[in-house]
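Form predicted alone, single chain, as structure tokens, below.
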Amino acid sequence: MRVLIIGSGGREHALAWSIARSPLLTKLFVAPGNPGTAALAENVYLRTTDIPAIVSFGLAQKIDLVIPGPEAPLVAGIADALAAAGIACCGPSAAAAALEGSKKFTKEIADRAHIPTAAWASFTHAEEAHEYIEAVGAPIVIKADGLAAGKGVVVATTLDEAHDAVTAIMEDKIHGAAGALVVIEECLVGEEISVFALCDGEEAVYFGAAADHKRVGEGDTGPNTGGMGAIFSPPWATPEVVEQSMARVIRPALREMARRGTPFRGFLFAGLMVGEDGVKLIEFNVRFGDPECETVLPMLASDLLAALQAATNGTLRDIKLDWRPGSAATVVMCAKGYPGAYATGSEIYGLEEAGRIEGVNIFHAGTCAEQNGILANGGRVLAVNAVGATLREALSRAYAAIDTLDWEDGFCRRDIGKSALHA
């Protein structure tokens, strides 16, 4: 199979790392890729949202399967354009991708499919949103309706924080058009997990559970980021919780999307809160999570490409996934200043030595290559993954790799997985 992965981050590096092992693969491209994917595939300079150029490349190169990593091209309709050109794509149509493209749409699907979720309301006028906050009180969750690179959600513990969030999103327009509408939700209490399912429109296959660490500071403090680290599998993702997630959230959503004539294909990512009364939906995403992808895939023993092919041709019922024993952890290294302003261009030393530590995989998330050196070229720069017999061993290996690196302008959280170790 000739395969094209769309994206340039740690998720796409992990996808390439896994797919490169498949006996089904004959040629792998990544667009635009990064220095990590360059060691596994041919990088092609195409912008992830330049859908006509991607379709043209797919036709010229006789691509058998396109795998979009990020959400933006999916929401923009890349799967529809590829389908029209006769190219298979492991990802949802634009209509189905609205599950991530609109928080309000997700809540409407949840209500229609009887999926347990937080009480909510939506607003297009800031004044009405402020009045609602005063009426219901805090803590409360404020969400920009559209795509905001993982930074459009504010968990407000006070009324002032809630009002400030509405002002920033709706009046100051810090997320642009994504904040023209806000969803305001009840603040759920419990342990958060990310549950993944691979879907073919009718069938859904469980694809692992992870716990992401969204806030930039240790102890879950500071602003939300795109993800500072993840663990597989958190102790609160028990077999009962996984079964609830599939039975009460994933499969009802799949049925409702099919009922609407917009069947969902690809990775469906449910952000869930595990509380005393079971699981409740926080949000849907329509692609593999990042850094969860870098955490889950090293534990997959099955052929990823075969599973993705089955999701595109409607034969997931014939797929059984096998998983390696043990645990995995990923710690994300970021440029100082992230998620605010940060500098790029500093060189990172010690990558080869760190990558030789047993069980360690270093996925490039925001790097570039220059004069045989690797430079930081983003906010989240490296996803340092490790696997081990236990979570403690996986974390120890990941932090040992980080301590081997020499990058003066980088930082990471030192408490990834800490709560799980004591759960």
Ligand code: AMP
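Numbering starts at 1 and runs along the sequence shown. Take the two forms, find the largest set of C-alpha atoms that superpose within 1.5 Å, and that set is the rigid core. Everything numeric in this text was worked out from a predicted model, so none of it was measured.
Although not depicted, the form predicted together with this ligand is the subject of the following passage.
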Just one of 183-191, 340-348, 72-80, 314-322 has heavy atoms within 4.5 Å of this ligand in the predicted bound form; which? 183-191
Heavy atoms within 4.5 Å of this ligand in the predicted bound form: does residue 214 have any? yes
Touches this ligand in the predicted bound form: residue 303 (any heavy atom, 4.5 Å): no
Please check if residue 103 has a heavy atom lying within 4.5 Å of any heavy atom of this ligand in the predicted bound form. yes
Evaluate residue 178 for contact with this ligand in the predicted bound form, applying a 4.5 angstroms cut-off between non-hydrogen atoms, and reply yes or no. no
Does each of 110, 256 and 270 have at least one heavy atom within 4.5 Å of this ligand in the predicted bound form? no
Selected contact from 246, 153, 274, 198, since only one has a non-hydrogen atom within 4.5 angstroms of this ligand in the predicted bound form: 153
Identify which of 115, 87, 282, 98 has a heavy atom within 4.5 Å of this ligand in the predicted bound form; exactly one of them does. 282
After a rigid core superposition, would you say the CA of residue 313 moves by 2 angstroms or more between the shown form and the other one, or not? no
